[in-house]
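Quick setup: one chain, the form predicted alone, written in structure tokens, and binding and motion questions come after.
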């Protein structure tokens, strides 16, 4: 009795140790059940949020599909075309800016751009031409001053829609070659008329020239007939040259060598350079005769 009372007085629970353990077990079980309930509530919330996320995602996809269906295909296509045309216009402006010192220049118009092409040969400024290009789909030439014998339509068909820079450079090549051939033919008639034994014959493209000229050798003068053909009309030198004698059945070896050397000169040098060399040779011969 005294021992039991002493234990109660020292603060141990009444009812004995077994009763105390039962109370602890009951308390622990309640806490476990409460935590299980909290976890169950949290899992339920997570499932609800996931379901809501999936619904919102599906709704967004449906609205995007309706928005895309409401846009007309032609409208998207037109925007794309406009962007392409604007890019081409910027490319033309860049080309003209970069090559303004090489004979290409231009200005913007309400329709697109008007390009001016200035030709030259051996540093001599010659004729100028223009091409008015409409920047639309497809690109087209509105107006131009290109001679009819320049294959403008062929050049445009090859390059205008795919590479406008190549189109302009190719056109420049044709025009410069034509102007260079014309410049040589005009110079021959103007500056070396004394060598010609008749009129210079040429076609409008100046890619076929024929003329008779006087050649001298050892104090003798004989007429040579020259025919110059420019098969490649982007060149200023002929591709085929024929020099023949006039009024003579047979020639000496020296005259044959002279004829062959003239053919070679016409193939490799511009006309005015060739006749300038003839003139210097005659001047040298005249000086020798004087002294």
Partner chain sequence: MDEIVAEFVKRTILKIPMAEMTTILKAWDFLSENQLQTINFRKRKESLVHDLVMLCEEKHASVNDAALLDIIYTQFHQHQKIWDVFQMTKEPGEDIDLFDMKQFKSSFKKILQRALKNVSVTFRDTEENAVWIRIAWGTQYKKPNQYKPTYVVYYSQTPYVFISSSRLRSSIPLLGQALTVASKHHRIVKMDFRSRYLDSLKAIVFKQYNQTFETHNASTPLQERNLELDINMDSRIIHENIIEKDRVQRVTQEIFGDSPQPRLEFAQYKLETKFKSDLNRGILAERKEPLRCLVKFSSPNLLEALKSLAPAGIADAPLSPLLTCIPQKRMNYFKIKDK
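Just so you know, these numbers come straight off a predicted model, no measurement behind them. Positions refer to the first chain, counted from 1.
One more form of this protein, predicted together with the partner chain, exists but is not displayed; see below.
Inset, instruction - Quick one: find which of 190-198, 119-127, 106-114, 155-163 has residues within 4.5 Å of the partner chain in the model of the complex by heavy atom distance. - result: Going by heavy atoms within 4.5 Å, the stretch is 106-114.
Inset, instruction - Identify, from the list 237, 233, 265, 241, the residue with a heavy atom within 4.5 Å of the partner chain in the model of the complex. - result: Contact with the partner chain in the model of the complex is made by 233 alone.
Legend entry - Contact residue in the model of the complex, chosen from 215, 135, 208, 172 - any heavy atom within 4.5 Å of the partner chain: It is 208 that has a heavy atom within 4.5 Å of the partner.
Legend entry - Close approach of residue 260 to the partner chain in the model of the complex, 4.5 Å, heavy atom: No, residue 260 sits far enough from the partner chain in the model of the complex that none of its heavy atoms falls within 4.5 Å.
Inset, instruction - Verify the contact flag for residue 145: yes if a non-hydrogen atom of it lies within 4.5 Å of a non-hydrogen atom of the partner chain in the model of the complex, no if not. - result: Looking in the model of the complex, residue contacts with the partner chain include residue 145, since a heavy atom lies within 4.5 Å.
Inset, instruction - Check whether residue 221 has any heavy atom within 4.5 Å of a heavy atom of the partner chain in the model of the complex, and answer yes or no. - result: The answer is no: residue 221 has no heavy atom within 4.5 Å of the partner chain.
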